Structure formats: C-alpha cells, structure tokens
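Next up: a single chain in structure tokens, the form predicted on its own.
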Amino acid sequence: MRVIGLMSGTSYDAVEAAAADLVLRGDVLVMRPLGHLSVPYPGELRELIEGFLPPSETTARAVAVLDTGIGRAFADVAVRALRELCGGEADLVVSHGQTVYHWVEDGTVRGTLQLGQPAWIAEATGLPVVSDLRSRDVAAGGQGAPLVAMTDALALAALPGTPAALNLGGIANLTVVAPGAAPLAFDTGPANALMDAAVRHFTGGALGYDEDGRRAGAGRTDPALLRELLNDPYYRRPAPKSTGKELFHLPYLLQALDAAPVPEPDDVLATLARLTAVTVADACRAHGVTSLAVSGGGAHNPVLMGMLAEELPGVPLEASDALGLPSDAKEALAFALLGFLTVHGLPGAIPSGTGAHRAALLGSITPGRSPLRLPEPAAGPPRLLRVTGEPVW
C-alpha cells in the first residue's frame, strides 16, 4: 500500500508530508520511504494559529475558520506529495492535523483537538483519509500521545541494550524499549516551544526561532531561572504523561522570569536549551537508556544537541536516519504507518506508552471519490519495522 502521511507539530511552522510503500510480511512491517516535503504555512494562517492557541480566548467562528484553513493547506500539500513523491499513484492519506488544544487535568487527558478538516484532503486528492488519530486512545483511557511510539518501538525492537528514540519538536517525547518490558513513551517536557516563544518575544515577532542555536550559544545558563523552571510539577509526574503548549507558552515563561529575572535575552535562551537537555537526560537516566536516536527540528540545533551530549555522557546520540527514518520526515512517516495499521484492522497505540486500558484502532476514515474498500484485516500485528530502499512488492 502506498501511503502519504501529513502532519504539523506544536511549532506550527509548516505542513510536513512523507510518502512510503508499506507491506506487512508476517510480523515484519516493511517500509520503503519515497521522500518528503516541508511546506511552510501561509503567513496569514500561521498568525491565525498563533493567535488561537492557549492561553488566548477564542470563538466558534475562529474554530471553523481554522478548521477549513488548515484543512485546505493540508490538502494542497497532499496534492503536491501525490504528484511529486508518488508519481500520481497512492492508496491512502493519513492526516494528523494541527493540535490546537490538549486538555489535561491532574495528569489525566480529558480530550484533544486537532484541526484540519479531512474532507478538503479527500476532495483534492480523491483518496480516502484517516484522521483524528488521537481521540480514540483518549477515549480508551490513554494520553493520546505520543503516538509516534509505535514506529519507534518497531524500529528499535532489534537493537541491543535499552535503546530510545527522542523527538525534539515543540515538545520533547521519548520512547524507551527495554529488554523484557513493554515499550514506554511519554513527553519529557518542552523542546522548542519555550525557546521559540522567547525568540518571538525578544525580537518583537521579527524572528520565529533561534537559528542554529546561535543566541543560546552566545548566552550562559542562569542557575536561578533553571531552578525555577525545573520546579514545575510536570517533571515529577510518572509516565505515561503528555503535555503541550497549553502549559508551556509565553505567559508561563514570563511568570518564571518574574520569579527569577534574567536581563540578557541570550542567557534566557541558553537556560531554556539547558532545561530541555536536563529534563530529557533525567528521563533517559531514570529508564536506563543506553543509546538515543534523535529526530525533529531540535536535532538541527547544535547548541541543544551539545548540551544533551554533556548531560548524557556515555550515551551515543545519532540521528534517526541511522534507523532508515529521516529526521525531518519521521513523524509524517509515523502517521503514514499508523494509518496503514488502521485500515488493516490493527491498533496503532501502545497502552504502556499512552496509559490506555487497551490498544485501540485509531482514527476516523473519510472516503475518497471511489467507494471505500478496505484491505482484508491483517492476521496479526507487526513486531519489527524494516526500512528499505528497495521496492516492497
């Protein structure tokens, strides 16, 4: 099956698309990546998303406008991916959409909302679309995140020791595969979310992120601010757990700066990078991680990666590309994989990673132009992911 995966992360800067051929052979899921695209959101749409996110107030009209705007942006990217990555031939589109709210109370996820109406994608491509992948896991008692854990667990399954996969998006999430134990996955805390918010604040919106970590590299960690940030109770909660920009946003940072003032913006950025490195490293040590495969935008920040290496001496760090999963495409490929599982009647979430009471089938299906015909249900779930550059059928 040829599948296109679409997503936009908590940094809401672009729509990511990746395509892959997928086939299940016994308990081995074989994936052949076909390439990926990253298409920035139109500036006006990005501004609408930024103005919509917590702690902003909103209206039903704003929800409708964004649901349509994001859906159309995803549809445009899907059409490009169909043409440029798939030669005009694909079987399925899987859309994560744009997370705008993750409702957490006392560590329990009550609901989650991703916008991006899939009807626009189905209409533009003519293909069936799997969307809204998180809600079913939440309904089954789970966190609805991190769903990339299924791909991580399958990709890490054959590695020695206690390997882990780390994605550094707006939020950092970790998947740990220990011998003889069920995979564990959870959000460790902010990755780029607070750093990006700080850059926009300090530059009056002129810049959206700290390119190559230059400003953080020019600053120094402020111990008092770091202590204040580390006091957040989120870090002491046991896994499974998840979080997002409904917690880690600019007012959150400004409140911390009121308690521990730092006059130099570059020192604030250095401290925020160190916060990510420390919280990720603490989580890795707590679970005995022996190697780490890193993906996401933060993997391109040499200052952040350097700090992470300092905090985890003796733990090899490498890009997820070493597993055959390009760092910039891994999450989009992960959602393509989840949609493949859904249409084959297989669960896509790992209860030990999300806290759900059972492994549920994920997502809702929007038919394409043709009558909806699903494949025969698979005989059993995959246990291993094999990524190849060769044709899979």
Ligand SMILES: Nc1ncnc2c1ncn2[C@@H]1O[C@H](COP(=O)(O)OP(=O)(O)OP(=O)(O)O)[C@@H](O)[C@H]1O
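Fair warning: this is a prediction, and the values are worked out from it, not measured in the lab. Throughout, we count residues from 1 along the sequence that is shown.
One more form of this protein, predicted in complex with the named molecule, exists but is not displayed; see below.
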I'd like to know whether residue 382 contacts the named molecule in the model of the complex, with contact meaning heavy atoms within 4.5 angstroms.
no
Is residue 276 close enough to touch the named molecule in the model of the complex, meaning at least one heavy atom pair within 4.5 Å?
no
Partner contact for residue 284 in the model of the complex: the named molecule, 4.5 angstroms, heavy atom:
no
Looking at the partner-bound form in the model of the complex, is residue 258 within 4.5 Å of the named molecule by any heavy atom?
no
With the distance limit set at 4.5 angstroms and only heavy atoms considered, check whether 131, 340 and 363 all reach the named molecule in the model of the complex.
no
Among 224 to 232, 190 to 198, 266 to 274, 318 to 326, which stretch has residues whose heavy atoms lie within 4.5 Å of the named molecule in the model of the complex?
190 to 198
If the cut-off is 4.5 angstroms on heavy atoms, which of these, 92, 168, 82, 292, is the one near the named molecule in the model of the complex?
168
Residues in 200 to 216 that come within 4.5 Å of the named molecule in the model of the complex by at least one heavy atom, in order, are 209, 210, 211, 212, 213
